[in-house]
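Below, in structure tokens: the form predicted on its own, a single chain.
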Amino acid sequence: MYQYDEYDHTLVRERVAQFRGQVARRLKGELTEDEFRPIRLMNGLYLQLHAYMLRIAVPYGTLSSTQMRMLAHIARKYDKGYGHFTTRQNIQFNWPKLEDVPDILADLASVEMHAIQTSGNCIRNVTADQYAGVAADEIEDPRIYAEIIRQWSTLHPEFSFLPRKFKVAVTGSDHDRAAVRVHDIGLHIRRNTKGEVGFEVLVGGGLGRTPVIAETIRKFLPKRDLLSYLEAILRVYNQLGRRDKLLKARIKILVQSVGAERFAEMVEAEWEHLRDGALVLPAEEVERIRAFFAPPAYETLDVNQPAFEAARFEDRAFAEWCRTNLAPHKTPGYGIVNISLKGIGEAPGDATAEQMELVADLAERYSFDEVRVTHEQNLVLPHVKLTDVHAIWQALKPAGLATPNLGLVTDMITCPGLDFCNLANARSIPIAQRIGKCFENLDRQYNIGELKIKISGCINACGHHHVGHIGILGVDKKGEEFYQITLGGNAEEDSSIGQIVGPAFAYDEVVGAVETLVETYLLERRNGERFLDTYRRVGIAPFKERLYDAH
């Protein structure tokens, strides 16, 4: 993983010292809340419903065990003993005291972490495929380019005060695990007809009040042109993006208003002034960054591992966990271990300090000291010998981290909702917990198969409900919590925005509504097809009919 140089260390130390002084002025009353607000947002600090919330950057979702232990330390010393992993591969702490935040940032700086650009109208944390570098179907490791973009965008003087927040994702596989089509800029690593590696550039995706799937504005961009082309996109947006109305400020609105073809023409025109200048990406710089992401010292192993297969044969519970939570690795004899943060009855994405320390220990012992955070709010050990998988599973069980549900109905994406967020209209976490209890039976989950439920407590869509196979949106009706349901969303390479089924359901009705939708799917499906495939084949009508007949 990337290691800070002296420039990085200096930048982060200076930011901590600067913010320490700003917090002191706020605590003395020398700064009003209105004056302090843009300052704290630049340092990842939000004021939520009950307390401050600190969002910490985890660039492209990659952590060392040392960094994970530091997050555990922060959870225990400065918060209530846990943290919340988010859909931007970050972690949030929901209860820090303002006077403690400079010390938290100093602790983070000691392990090469920070909270810079995790909020505000700037380029936020760049995300990537959680299987980067180890996926069997990968063309090239997207973390290399995510890191290059991180360095280029950090405190970029021209793009620190954009019309609105800006999100970039990079994926290196045909199967999109980074949801690039619902980002302001999505970069999909491609190989052209000459065998050269470059990027398909997608622009104008996003969720929130106006959900949009990104449009391709360039089918193939050579690597050398990555930064100059991104600069051209951001310049067009910075010049033409609307600052007069918050709801019209995102780049997706600009792309929609002028059309993707016209937007691409403006970007190409701007790029002509940049493409052969100082932003040409030297091949030697790519190789320098690539060296930080070199594969670890894998052993030469046989693809067949009799001890691992015997453990699966002898222990049904272990076999069930492997079925969902173990992914194939490109190196023979190794696997990718997924750790679910969606225990039945737990708050999705939350991890206690003790759980974080356990994951750090397992990463250090079994995964070359590396952990990944997924945009679906789970954790990954990316470099595990198959012979070690059983020992990891045994260690995870007593910690409540061995739930075998990756990709199943109980593996839900959920925002903090009204329990924490002052923007929310309704609770999200209790709905997820109740759905989890409803579908707790593992055999039932396997029978249902792949089904992605995503829950947001408000229209800002932090729970990505628009791209859930079943999406649930909390709405306010005269002071009461109701939930609008959408069907058919998807965030992968065949992205789609979910369709609203009909009138919203009351808090006490929504779990029953989800159960009716699942039962309808089971009646309609053919040949074991997924929920999404069934929905796309039969359409919304049978789901809508049974849903409202039942309620």
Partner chain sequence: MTLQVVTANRLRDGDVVYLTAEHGWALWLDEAAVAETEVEAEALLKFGEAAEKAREVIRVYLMKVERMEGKLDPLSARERIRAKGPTTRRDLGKQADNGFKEHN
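Residue numbers count along the first chain shown, from 1. Please read all numbers here as calculations on a predicted model, not as lab measurements.
Not on display, but discussed next: the form predicted together with the partner chain.
In the predicted bound form, the partner chain sits within 4.5 Å of a heavy atom belonging to Asp419. The shortest heavy atom separation between Tyr52 and the partner chain in the predicted bound form is within 4.5 Å. At least one heavy atom of Ile429 is located within 4.5 Å of the partner chain in the predicted bound form.
Contact check for Leu522: every heavy atom lies farther than 4.5 Å from the partner chain in the predicted bound form. Of the residues Thr516, Thr66, Gln499, Gln48, just one reaches the partner chain in the predicted bound form with a heavy atom at 4.5 Å or closer; this is Gln48. A heavy atom within 4.5 Å of the partner chain in the predicted bound form is found for one listed residue only; from Asp302, Glu99, Asp174, Asp443, this is Glu99. Against the partner chain in the predicted bound form, the set Thr216, Pro328 and Trp393 makes no contact: no member has a heavy atom within 4.5 Å. Stretch-level contact check against the partner chain in the predicted bound form with heavy atoms at 4.5 Å: of 334-342, 159-167, 117-125, 80-88, the positive one is 80-88. Along 7-46, residues Arg26, Leu27, Lys28, Gly29, Glu33 each place a heavy atom within 4.5 Å of the partner chain in the predicted bound form.
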